[in-house]
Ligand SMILES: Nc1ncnc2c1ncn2[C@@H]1O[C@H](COP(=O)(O)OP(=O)(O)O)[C@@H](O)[C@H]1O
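Listed next as structure tokens is one chain, alone, in the form predicted on its own.
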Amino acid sequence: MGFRDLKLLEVKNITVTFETDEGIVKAVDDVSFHINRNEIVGLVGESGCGKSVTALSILRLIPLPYGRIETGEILFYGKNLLELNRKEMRKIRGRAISMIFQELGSALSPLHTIGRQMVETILMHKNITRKDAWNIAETWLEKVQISDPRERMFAYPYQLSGGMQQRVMIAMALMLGPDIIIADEPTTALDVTIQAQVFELVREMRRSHTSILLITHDMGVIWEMCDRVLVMYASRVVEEGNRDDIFSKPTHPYTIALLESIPKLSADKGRLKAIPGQVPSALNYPSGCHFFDRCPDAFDRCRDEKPKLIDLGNGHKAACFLTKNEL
């Protein structure tokens, strides 16, 4: 077993529910995956598929009391994070596992300056002077291409553009050198040039043996950045495998549809192929395969029975009755 084959994080059979006025919503349903050392794993799917809730469950940030992790284990270095107390989890968040949030308001306090928030985060995890922490924070603002980093340290979040706030969050996630970075749509608010610079920073962290869970709806980003891919649809993982297998031998109809919707540089100027319909409400999933109502290849068995992930070899798995192992 090589260095990169060592499992750093294992998510086992996680189910997350939310209590709402309309009933119990199952946002994540029996999801399992792992992240190896020095690996970038992509989690891809449309909005509403459960990607962000999966990420929040790893750091136990599911909002209480309405949200609950009903079942499963989340093993980090073999230790189940779901069994740790609040103090133990605070030591892990930010230092060992950090997260770049999709929502800007989830990470930055409007009441404190950027510098204070970054410095306090560093001092919480490192036994260094405030001056040294300030210098580290300022250096990271420069790394994420924020102009006048010294001046920005004294700014409040509302004084920065959305793109600048996003870069501050990225700096805060990277500056402590965590073992795992969970990046939830990390470059949504950034222009193409800054996106490229941020992804280069991520690659640098990976070269320092940091692992990344990259959450996105952009298959182009998946191709550019990831080693392995998890395709998620309506609360469940429907396909997983290494990047080349997912792109060259997609098996699940949803994965195929995602790939067919990518713009192509060709002489064909026809319309993009869209996936018909929309992700079903978590209150009203089909009783069988959750993709049943949108799948062009669905048949009677798909309506009534939930397909399980079937091993197709080389770590490639798909949850579809049309796989060669299921027919």
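What you are looking at is a predicted structure, and each value in this text was computed from that prediction instead of being measured. We number the residues from 1 along the sequence you see.
Omitted here: the form predicted in complex with this ligand. The next part is about that form.
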(message) Is it true that F18, A27 and P63, all three, sit within 4.5 Å of this ligand in the predicted bound form, judged by heavy atoms?
(response) yes
(message) With the partner left out here, check for me: in the predicted bound form, does some heavy atom of P286 sit within 4.5 Å of this ligand?
(response) no
(message) N38 versus this ligand, in the predicted bound form: is there a non-hydrogen atom within 4.5 Å?
(response) no
(message) Within 4.5 Å, heavy atoms only: does E46 come near this ligand in the predicted bound form?
(response) yes
(request) Would you check, heavy atoms only and a 4.5 Å threshold, whether V53 touches this ligand in the predicted bound form? (result) yes
(request) Only one of I58, V31, L258, A282 comes within 4.5 Å of this ligand in the predicted bound form by heavy atoms, so just point that one out. (result) A282
